[in-house]
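Coming up are structure 1 and structure 2: the same protein chain in two forms, each one given alone as structure tokens.
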Structure 1
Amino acid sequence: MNKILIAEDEAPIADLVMTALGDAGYVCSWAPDGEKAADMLEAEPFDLVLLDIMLPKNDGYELLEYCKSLETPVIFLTAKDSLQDRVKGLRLGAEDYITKPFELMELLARVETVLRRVGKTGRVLSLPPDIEIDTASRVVRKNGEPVALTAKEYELLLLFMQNKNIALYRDRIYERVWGEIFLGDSRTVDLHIQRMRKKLGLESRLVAVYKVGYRLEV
């Protein structure tokens, strides 16, 4: 499993991010200031750092330079939202730049994208007691046996497993999986979810949320 360090001085934000990433199958650690983050980076390897710029003791820009020396990718997660700040962060070497406030679903997608880009996505996501996704080979297994899913069904399952216990709106599901603007016709989303749910026996766990969409209950 991928290990992620969250360097963030606001405890409520850190808790929110750690919970979301933990539910998605990542192992997370928290550093409340730049000095602690540097100590943790020196003590053990991380696959990714989510880094606030305005940290006590050592700021995010200083830590970015340290992360580069360790070849550890960084995503800035910060309230500094001007164009100049974003350009500066990316030019200094951050893999991505996310401004606060942010949506957890978007954060998870960007984390997955960066890990894939730097070649660190070889991991297995599990949905106890019987379902696993090998994200490197894109193989889904139920009770150890492969299950044949279409490309869209696989992407839907991955999206729900990365957002366990979160109600996802149909329009966001469509935009994430199909990569197009949602025009109000939910039949495509519903049909694919119904087929995927039946193949994996998720009828009781992947539930419809009235006037919203669907939620994977764990």
Structure 2
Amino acid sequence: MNKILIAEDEAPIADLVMTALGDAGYVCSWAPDGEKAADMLEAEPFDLVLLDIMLPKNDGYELLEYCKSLETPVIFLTAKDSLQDRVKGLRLGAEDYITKPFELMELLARVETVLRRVGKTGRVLSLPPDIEIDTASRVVRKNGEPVALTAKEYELLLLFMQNKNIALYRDRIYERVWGEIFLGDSRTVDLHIQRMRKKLGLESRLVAVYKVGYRLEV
């Protein structure tokens, strides 16, 4: 399990992020200010830090320097959304830059991407009892046998794996996987999900949620 430190001075937001990441199987700790965050980073190693920039005591930029010296990857989670701020954050060496307000699905996806990129997560995701996904080679196996999926089907599967037990809305699915604004035609999403479900034999576990979308139950 990956350990994630959340440095955020707003208790409601920290609580929200911890709930979302906790549900996704991460172990989270919360630091309400920069000083506390530095202390916690010193005390134990973390796989990832979600860092607010406008923190009391030591701000996010200072903490980023500290994290770099510890070789801990950092994702900025901030309300500063100007282009200059984004560029500055990324130039300073943050792995990603998420602006508030953000969506939990997006946060989870980015956290997972960063962890995978820095090699802190296993290359193989598994959906017990029979399905395994090798994210490095993009090969999906069922009972050890490779299953041929199209690129979109693979992305869909990955999205559901990252959001287990969460009802995903059709429009959000479409926007994440197709990268376009959802214009109300849900048949594309339904078609792809049905084909993917059939190929992997997930009919009983990847269920439709009435008027919402789909949920992967584990």
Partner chain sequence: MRLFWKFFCGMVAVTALACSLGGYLLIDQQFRAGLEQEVSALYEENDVLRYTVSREMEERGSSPNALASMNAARVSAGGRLMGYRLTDAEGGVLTNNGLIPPPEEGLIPYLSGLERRRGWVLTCSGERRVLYAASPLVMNGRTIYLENSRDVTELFHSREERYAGFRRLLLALTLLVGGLTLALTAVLLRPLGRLSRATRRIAAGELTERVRVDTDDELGRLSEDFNTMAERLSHTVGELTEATRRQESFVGSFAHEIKTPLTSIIGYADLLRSRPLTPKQTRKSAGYIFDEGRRLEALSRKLMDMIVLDKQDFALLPLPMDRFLQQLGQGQAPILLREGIRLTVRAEEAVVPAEPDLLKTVLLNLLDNGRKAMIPVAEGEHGDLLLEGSVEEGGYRLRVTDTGKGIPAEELSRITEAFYMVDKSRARAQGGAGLGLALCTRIVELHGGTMEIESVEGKGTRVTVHLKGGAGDEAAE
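So that the term is clear: the rigid core is the largest set of C-alpha atoms that superpose within 1.5 Å between two forms. Sequence positions of structure 1, starting at 1, serve as the residue numbers. Predicted model only: the values in this text are computed from it and were never measured.
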Identity of the form predicted in complex with the partner chain, given as 1 or 2: 2
Post core alignment: Val207 C-alpha displaced by 2 Å or more between structure 1 and structure 2: yes
Asp134 C-alpha moves between structure 1 and structure 2 by 2 Å or more, core aligned: yes
Val147 C-alpha relocation of at least 2 Å between structure 1 and structure 2, rigid core basis: yes
Inter-form CA displacement between structure 1 and structure 2 at Asp185 - rigid core frame, Å: 5.5
Backbone CA shift between structure 1 and structure 2, Arg176, after core fitting (angstrom): 4.0
